[in-house]
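One chain follows as structure tokens, the form predicted on its own.
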């Protein structure tokens, strides 16, 4: 497996079940992400894409939305980037990042970037799969391309230049993709775990990698 996508779900529910405020769950979820970033250089993966904040998350109460975004910004600046730089890990963003609060723009452009051989963490921020498709179509129209191929669509997605995920791992007990990389996951193997994201442990990913290795992937073809 080269590329694993992770849906970091269950932060709020993790807090509620422990009698805590939901924002505390988001804080603990951010801490879990820092642990993942720290683990990443030792994992047999080249790319990890995480679902940090979706376009649908704006439907939540304004106070919770503001809290989530500020926690993400703080952890990126103060912890994630530092670990990434120390380990030569490139950080990329996908999503409608230009619609994020202004304070995010400086944070995003200052993300560490290394050579093409570096490991990559992709953060889906203000991301929605349908929104990505709409933005891709608008890019194609602006280029006045008349005949659209699969490659043209791929080249105008947020993930242009990246391989599609080999697998998706969702925390939190739900069994759906929730508008996460709908085109890129057409042949991804799907794994679901009942643990909430703040309970993340490196062994979770190592187990998924092991299980993935047992799957014979045919991509629509026949068995040998």
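Here the structure is a predicted model, which means the values were calculated and not measured. Positions refer to the first chain, counted from 1.
The same protein also exists as the form predicted in complex with farnesyl diphosphate (FPP); that form is not shown, yet it is the one meant from here on.
**Q** Residue 30: heavy atom within 4.5 Å of farnesyl diphosphate (FPP) in the predicted bound form?
**A** Although farnesyl diphosphate (FPP) is absent here, residue 30 would touch it in the predicted bound form, with heavy atoms inside 4.5 Å.
**Q** Taking farnesyl diphosphate (FPP) as it sits in the predicted bound form, is residue 202 in contact with it (heavy atom to heavy atom, 4.5 Å or less)?
**A** Outside the cut-off, so no.
**Q** Would residue 8 show up as a contact with farnesyl diphosphate (FPP) in the predicted bound form if we use heavy atoms at 4.5 Å?
**A** Although farnesyl diphosphate (FPP) is absent here, residue 8 would touch it in the predicted bound form, with heavy atoms inside 4.5 Å.
**Q** Would residue 60 sit within 4.5 Å of farnesyl diphosphate (FPP) in the predicted bound form, counting heavy atoms only?
**A** The answer is yes: residue 60 has a heavy atom within 4.5 Å of farnesyl diphosphate (FPP).
**Q** May I ask you to choose, among 52, 181, 169, 36, the residue with a heavy atom within 4.5 Å of farnesyl diphosphate (FPP) in the predicted bound form?
**A** After the contact test, the surviving option is 52.
**Q** Just one of 94, 72, 84, 120 has a heavy atom within 4.5 angstroms of farnesyl diphosphate (FPP) in the predicted bound form, so which one?
**A** Answer to the contact question: 72.
**Q** Would all three of 135, 139 and 143 be in contact with farnesyl diphosphate (FPP) in the predicted bound form, where contact means some heavy atom lies within 4.5 Å?
**A** Result no, not one residue of the spot touches farnesyl diphosphate (FPP).
**Q** Looking at 52-60, 181-189, 38-46, 161-169, which one sits within 4.5 Å of farnesyl diphosphate (FPP) in the predicted bound form if you count heavy atoms only?
**A** Of the options, only 52-60 has residues within 4.5 Å of the partner.
**Q** Counting only non-hydrogen atoms and a 4.5 Å cut-off, give the residues of 164-189 close to farnesyl diphosphate (FPP) in the predicted bound form.
**A** The stretch 164-189, when checked against farnesyl diphosphate (FPP) in the predicted bound form, contributes no residue at the 4.5 Å heavy-atom cut-off.
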